[in-house]
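Form predicted alone, single chain, as structure tokens, below.
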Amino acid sequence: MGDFLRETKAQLVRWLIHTRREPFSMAFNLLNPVILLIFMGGAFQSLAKDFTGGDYRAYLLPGVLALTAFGNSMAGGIPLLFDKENGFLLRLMSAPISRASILLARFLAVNLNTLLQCALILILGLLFGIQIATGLTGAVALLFISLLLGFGVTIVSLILAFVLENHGDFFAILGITALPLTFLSSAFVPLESLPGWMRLLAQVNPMTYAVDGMRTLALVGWNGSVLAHMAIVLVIFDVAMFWVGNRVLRRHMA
């Protein structure tokens, strides 16, 4: 166990150094959520009063956090795919280390990055005057829910890193998942406002439940039934992705 922890820590440090050396990458990853929060929130403020109860930016904040968590987690496997393409991953897997540490280190690095980005967006929202109904404790809970959504998506991303042959395919999948799945949820408007077919798809989208739980904390307060429903759905999603990931990744790392 001690060797496994040291191997994981060493690889995690490598990924953190990699992130520190690419500050512009994080800045650009934050650009879309910031644009949505500031400009879309302001532009639709007067049009959205009928279902927001007032501040559309406060209504939009959970959707922006969910989009950030999903997009960052979905892209988390791309550096591993680059490692595979340039041969470094094969050399790493040939080294006398636990192969599970390779996956765990990347998983931790992605979710630490997600936590940082969501925290920055949350701070930005507070600076723009957004009020969280549940206060500081609720703000921490928003970050936790973002991570709960990101866990399962990160596993999907790691699976893609081993299944796909090149990063072009990965970027194509990333481009057709993040925003479409966000629109097929309650991130921007209530489910009741969506057409029937979109509402049906939104009801099987884990992002919908994450957004609804975060929105309850941001606008209403501590609603036990909503939060419990959200937690059950996201935990089931994460466990299902872990089960699938365990089977697929074991085969590809053998």
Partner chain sequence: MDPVIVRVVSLKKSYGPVRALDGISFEVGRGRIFGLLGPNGAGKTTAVRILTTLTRPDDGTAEIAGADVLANPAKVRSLIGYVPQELTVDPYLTAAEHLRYYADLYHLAGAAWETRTRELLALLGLAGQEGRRVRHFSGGMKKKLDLACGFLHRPPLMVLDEPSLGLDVQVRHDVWRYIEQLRDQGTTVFLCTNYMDEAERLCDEVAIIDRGRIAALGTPAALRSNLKRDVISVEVSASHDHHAEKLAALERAVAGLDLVRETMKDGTQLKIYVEQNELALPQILSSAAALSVPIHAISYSRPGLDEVFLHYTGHSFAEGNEHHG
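Small disclaimer: the values here were computed from a predicted structure and weren't measured. Residue numbers count along the first chain shown, from 1.
Form predicted in complex with the partner chain: not shown, discussed below.
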{"query": "Answer range among 107 to 115, 161 to 169, 91 to 99, 144 to 152 for contact with the partner chain, defined in the model of the complex as heavy atoms within 4.5 Å", "finding": "91 to 99"}
{"query": "Heavy atom of residue 17 within 4.5 Å of the partner chain in the model of the complex", "finding": "yes"}
{"query": "Distance check, residue 137 to the partner chain in the model of the complex, heavy atom within 4.5 Å", "finding": "no"}
{"query": "4.5 Å heavy atom contact, residue 87 to the partner chain in the model of the complex", "finding": "yes"}
{"query": "The partner chain contact in the model of the complex: residue 10, any heavy atom under 4.5 Å", "finding": "yes"}
